[in-house]
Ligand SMILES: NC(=O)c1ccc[n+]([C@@H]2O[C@H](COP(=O)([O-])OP(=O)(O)OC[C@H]3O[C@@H](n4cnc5c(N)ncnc54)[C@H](O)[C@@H]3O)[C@@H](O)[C@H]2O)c1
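In the form predicted on its own, a lone chain appears below as structure tokens.
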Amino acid sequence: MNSEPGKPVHIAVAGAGLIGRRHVQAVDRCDTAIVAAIVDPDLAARDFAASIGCDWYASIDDMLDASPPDGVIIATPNQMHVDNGLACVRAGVPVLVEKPIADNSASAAQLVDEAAGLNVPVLVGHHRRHNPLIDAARQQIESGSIGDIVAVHAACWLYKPDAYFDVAWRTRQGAGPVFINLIHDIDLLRYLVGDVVSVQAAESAHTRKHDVEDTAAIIVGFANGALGTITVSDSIVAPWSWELTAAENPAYPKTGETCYFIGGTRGSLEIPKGKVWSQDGERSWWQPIDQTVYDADSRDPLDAQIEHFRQVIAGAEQPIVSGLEGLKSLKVIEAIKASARDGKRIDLEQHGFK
């Protein structure tokens, strides 16, 4: 492992699909990281590797046998995350695993536990935690500007075109906006508000009539006593989702709206707009309420994530989104699915989701 903080690290990218290539671009933009290899059995990936001047391997094992890099980004299909991650950590190579860390929490726990035993870092690609908008919001909360958090509301409303579902797996169990989209929002709310201790959920497939939900509504209980309501749907034409409000990915149009509301005893926060609502004098619904807007830097969170990965590889930082954090967010999603299936409130610890 490269332990020199100022020296460029060599990072391989496993999986040359859409997100894998975005990671390649992010590594290429980082002055202190180099794309060491592309790992993907598809011959188109071999041509892609040749076009950017790096090595190509058909498998993780082939790469590790030939030339282990300083770190690996795993952007393969979800069901391959654990096997690929285990191969890397057993070779002593730190990994950044795209979200979700695995397709189920039991296999994810195996990766997390084995990596911890070997003292090899595992990071999970919940890249939104690296967005300066989230850094600024977290600072506001930690400063006490909104007081104790009482309630949260999050909306993930978007419309996926019919052509999106021409790929068969997207209409079947294991897909759906809860697993594909909501896991990002759950991870951010855990980061901003705290651990989730209970969920009560309902799902509907009424609109698209697929084998998996198109809409879900969830009541969330947090460890600090706050309550949250979250709705997610891939069948609503609306401007209120992180993708359309945060402008972190140029593929999505920016609406300038808000998708998260965090309310506290001294004020409320709109994210990602950066608005803080508060009262200088007596707190009362009869008194005027003021708003301020805090500043946040503008940076692609994938770039910030790569720089952080480099620092973790060098031993200069601890993971912001560790394997354990990724596992916790995945367990909340599994609890939401169980609650919707059984029609019951789920206490995460009592029902084995902690």
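These figures come from a predicted structure and were not determined experimentally. So that there is no doubt, residue numbering starts at 1 and follows the sequence shown.
Beyond what is shown, the protein has a form predicted together with this ligand; the following relates to that form.
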Close approach of residue 24 to this ligand in the model of the complex, 4.5 Å, heavy atom: no
Distance check, residue 84 to this ligand in the model of the complex, heavy atom within 4.5 Å: yes
Residue contact check: residue 130 to this ligand in the model of the complex, 4.5 Å heavy atom: no
Partner proximity in the model of the complex: residue 198 to this ligand, non-hydrogen atom cutoff 4.5 Å: no
Proximity to this ligand in the model of the complex (heavy atom, within 4.5 Å), stretch among 137-145, 202-210, 111-119, 68-76: 68-76
Sole residue of 100, 272, 94, 177 within 4.5 Å of this ligand in the model of the complex, by heavy atom: 100
Contacts with this ligand in the model of the complex - residues in 24-57 whose heavy atoms fall within 4.5 Å: 39, 40, 41, 42
